[in-house]
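Structure 1 and structure 2, given next as structure tokens, are two forms of the same protein chain, each shown alone.
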Structure 1
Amino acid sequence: MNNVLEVANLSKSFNGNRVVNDVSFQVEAGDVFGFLGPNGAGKTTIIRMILNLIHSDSGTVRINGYDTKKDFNKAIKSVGAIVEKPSFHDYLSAYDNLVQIANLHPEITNRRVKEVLEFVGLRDRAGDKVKTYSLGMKQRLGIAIALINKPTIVFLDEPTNGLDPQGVIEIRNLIIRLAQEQGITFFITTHILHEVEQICNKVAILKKGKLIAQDYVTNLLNREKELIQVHTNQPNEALNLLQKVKYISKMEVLPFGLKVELDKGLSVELNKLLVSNGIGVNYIVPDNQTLEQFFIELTGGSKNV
């Protein structure tokens, strides 16, 4: 296992209020890691501690094996980040904005500047002033800046915030492509859970400063229970029949019939039971749980992340 990021027992208090409480997790090379939680859960505070923008009260952070407190320069050398809305010189072109940054680092060449503009799809607009850019283009330019130093891990805090649907798709596809083609590890906070489900292979969920879940997305959604829709014209009769069935944990009457939560793999048995008792079943449809549903259930109903 090759951990690009290791966070161990991280805690932080402000004015006596514990906002991050003993948080630990790891991000492996190649992960697109989603970091989720309701507003005020401590997500941005943790990112700031990881990047050493604020100091933790306790705990350690290692990036590529380097402790950020003891070897900060070595740890941060291979990191790219957009923690807040990226800022640019609007009167300069995208190319010149990147050159301004490259001039601060002797190892960054003009070839690298052109390369990252190609990566983010801005090659044909590289000479245009940034003030003419759309919000989505500016966000892609921000990612280009984060890529300039050939990072192994890139932190993106709300990368699709404020974008229209087309802009969201462009950023999503860009992250997927960079992860696959360039082998870059991404650490992403976002409030668009549908996007997380499409681009992240792992997630961690934070609530009131504590980590309450972390795993592969597929594992989190692959629970011991399954939800199915039973489409029937006899929902009340079906409800009465199924109320005492041990492998059923929840039922809800809906316009199409019933939504049923039951032990995984027993939907065929359920269908047989209904039909053998004279209840007509039009069809049974899996009601697959989304990451958004899982998040709302886990955090107590809050959709605001």
Structure 2
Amino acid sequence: MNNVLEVANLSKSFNGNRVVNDVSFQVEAGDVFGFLGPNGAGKTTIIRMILNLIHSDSGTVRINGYDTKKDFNKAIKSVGAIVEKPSFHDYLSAYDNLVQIANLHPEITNRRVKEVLEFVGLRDRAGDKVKTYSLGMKQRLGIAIALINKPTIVFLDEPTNGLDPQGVIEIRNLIIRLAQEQGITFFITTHILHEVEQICNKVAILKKGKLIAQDYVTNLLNREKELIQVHTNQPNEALNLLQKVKYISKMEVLPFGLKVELDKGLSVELNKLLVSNGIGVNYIVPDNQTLEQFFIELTGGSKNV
């Protein structure tokens, strides 16, 4: 497989505190890779280590096959990135900020500068000082800077953080468009599950510096099992009856009745069994199996991530 990014056994401590613990993952060409974790999980620290802004205690990073410690210039050449928040020389115009970056790559022409300004919709304001820009405009300028060197992979650290709903939609659509039309690989950190569901094809979940799961988003959404709520007035009888049923893997008594985890598609079967044994079933409803629930199960955390 064609790995654009390979991270192996990355660790980092700050003042004896281990904030990144043996993290390994790969990102393939064309992925929109979601790096999901609550605040303080270590997402930004990992991006910084990938980009050599901070030094890892151990582990290796390869971008487009080049080791970032041994071959930094080659590794970084086709990378675009916004780390933490987009930062600019705010006393310069957007155009000047882009020229500053263009000057670092011999192959970037003035035409390319205008092209990216056009692409993010800042052409009309390109001559204005960045300090007059709204947060949304700054985020778009950040993306322009990240794209200017025609990167194969773009790192975005919480790209929709702090934006208004309109801005959030714009940025998400922009990412989807760039991934689809230009085949750019994305590595996106976020603490918002919905964002991963919307724009990512793969996800890795980070908790307290450790990766606790990584998979295709669709796999995590369509698991073999499903969760249903059985609303009944006789939960204990139902529990007794269902104890021996093979396709049921988990049960829990709740005020409304039972919560049951069972093999996918067998809820009708379950209903029949209950009714034929004289247990009154008011109704059966699916307990929505979203990534959010999976995330909460995995992290054992609260919904408020």
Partner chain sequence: MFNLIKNEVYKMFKTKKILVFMLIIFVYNFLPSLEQAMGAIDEAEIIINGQTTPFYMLNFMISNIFPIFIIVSLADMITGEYANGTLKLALLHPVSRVKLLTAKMIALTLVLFCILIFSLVLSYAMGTLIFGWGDQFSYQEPDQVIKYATVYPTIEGIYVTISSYVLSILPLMAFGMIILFMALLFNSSGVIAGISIGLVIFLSILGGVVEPIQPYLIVDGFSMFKDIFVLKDMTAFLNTILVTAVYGIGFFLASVYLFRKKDLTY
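Numbering for residues begins at 1 and runs along the sequence of structure 1. Here the structure is a predicted model, which means the values were calculated and not measured. Throughout, rigid core stands for the largest set of C-alpha atoms superposing within 1.5 Å between the two forms.
Form predicted on its own - structure 1 or 2: Between the two, the form predicted on its own is shown as structure 1, not structure 2.
Under a superposition restricted to the rigid core, does Ser78 display a Cα displacement of 2 angstroms or more between the two structures? Shift at Ser78: below 2 Å after core fit.
Quick one: core overlaid, is Gln214 moving 2 Å or more at the Cα between the two structures? Gln214 C-alpha, core-superposed: shift of less than 2 Å.
For Gln26, decide whether the Cα shift between the two structures is 2 Å or greater, given a superposition on the rigid core. No; Gln26 is a residue whose C-alpha shifts by less than 2 Å between the two structures when the cores are overlaid.
Using the rigid core as the frame, report the C-alpha movement of Leu254 between the two structures, one decimal, in Å. It moves 9.4 Å at the C-alpha.
After superposing on the rigid core, how many Å does the CA of Lys131 move between the two structures? Once the two forms are fitted on their core, the shift reads 5.1 Å.
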